[in-house]
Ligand SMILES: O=c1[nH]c(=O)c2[nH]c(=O)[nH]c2[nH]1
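Quick heads-up: it's one chain on its own, the form predicted on its own, in C-alpha cells.
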C-alpha cells in the first residue's frame, strides 16, 4: 500500500485590516478580515521540509496590508482579485490563490443631527463576505453574507408533511419564521459595480423572505435565490444555508392567560438546517471556486 500527499494549500489566516481614507475632512472606513491561501508545487515542504518554493505566510500578511493601501478597499471583491492576481502572476511558483474576506460595517455617529466626519459605531447586521480564486481554471468571485438574522411573525406555514410513528410535530398554518441566513453567490461575469450588486442581491432576498407566503422554508429559499439571479444578471449560482430559529408558543393558559400568537419561547437548538443551491442552466464550470481555506467565506 502506497501513501501519498493529497491536496494542500497554505497561507495566513484572519489578517485584521482597518483602512481609512483620509483624503478629505470626511473620512471613510473599511474594516476587513483577510485570509490568504496559496496552491502550487509545495509537496517538498511537506515531505522533506524543503522551503525553497514557500513564500512565508508572514509575507502574505504584509502583502495583504500593503494592497489595502496601494489598491484600496473600495469593494472587497476588487481588493481580493488584485491580491490573488498578484500572488499567481508575480510569485513563482504559485499556481493558484484563494482569498477569503469578511467585511464589518460601521455607521456614522450623528452629532446634532449631522453625520460626524470621523466617528462611527459598529453596525450590527450581517457580515459581508467574498472569496476569490485565481488559478489555471480562471478567475472566480464568490460574494455573500452570513449572520443575517431575519424574522417574520406570520406568513409562514408547515403542514401536510410526512408522518411516521415518531412524529409529534403538529401542522400549522400560522407560525413565526426566523433564520440566521448564510448566502453565497458566484458571478459568471464582472458586474458594473460590486457594491451595488451586493446591495441589490441582499434586497432581493430580504424582500422575498417578507412577501412569500411560505409553505416551507425550502420554498422561501428557492424564491430568494431565483430573485437574486433575476435581479443581477451576472449571477450564475446562489447557495443558501438557513438554520431554522424556532419560536414555540409559550403555554400561558395554565395561568389563565390567553396567548393568541403573542408570546413565544425562542429555542436555539436543536434546529432544522435547510440548504439550497439555485443556478442558471448555462452556468460556467466553477473550477475550484468553492474549495475553501479558512472557511470565512
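Computed from a prediction, not measured in an experiment: that's the story for all the values here. Numbering follows the first chain given and starts at 1.
A second form of this protein, the form predicted together with the named molecule, is not displayed here; the remarks below concern that form.
If you superimpose the site C-alphas and bring the named molecule over from its pose in the predicted complex, none of its atoms is within 2.4 angstroms of a backbone or C-beta atom of this form, and that means open. Although the partner is absent here, residue 82 sits far enough away that none of its heavy atoms falls within 4.5 Å of the named molecule in the predicted complex.
Taking the partner from the other structure, the named molecule in the predicted complex has no heavy atom within 4.5 Å of any heavy atom of residue 194. Using a 4.5 angstroms limit between non-hydrogen atoms, residue 163 is distant from the named molecule in the predicted complex.
Heavy atoms of residue 190 never reach within 4.5 Å of the named molecule in the predicted complex, leaving it off the interface. Only one of 134-142, 104-112, 85-93, 210-218 places residue heavy atoms within 4.5 angstroms of the named molecule in the predicted complex, namely 210-218. For the three marked residues, 169, 175 and 274, a heavy atom of each sits within 4.5 Å of the named molecule in the predicted complex.
Of the residues 259, 57, 244, 53, just one reaches the named molecule in the predicted complex with a heavy atom at 4.5 Å or closer; this is 244.
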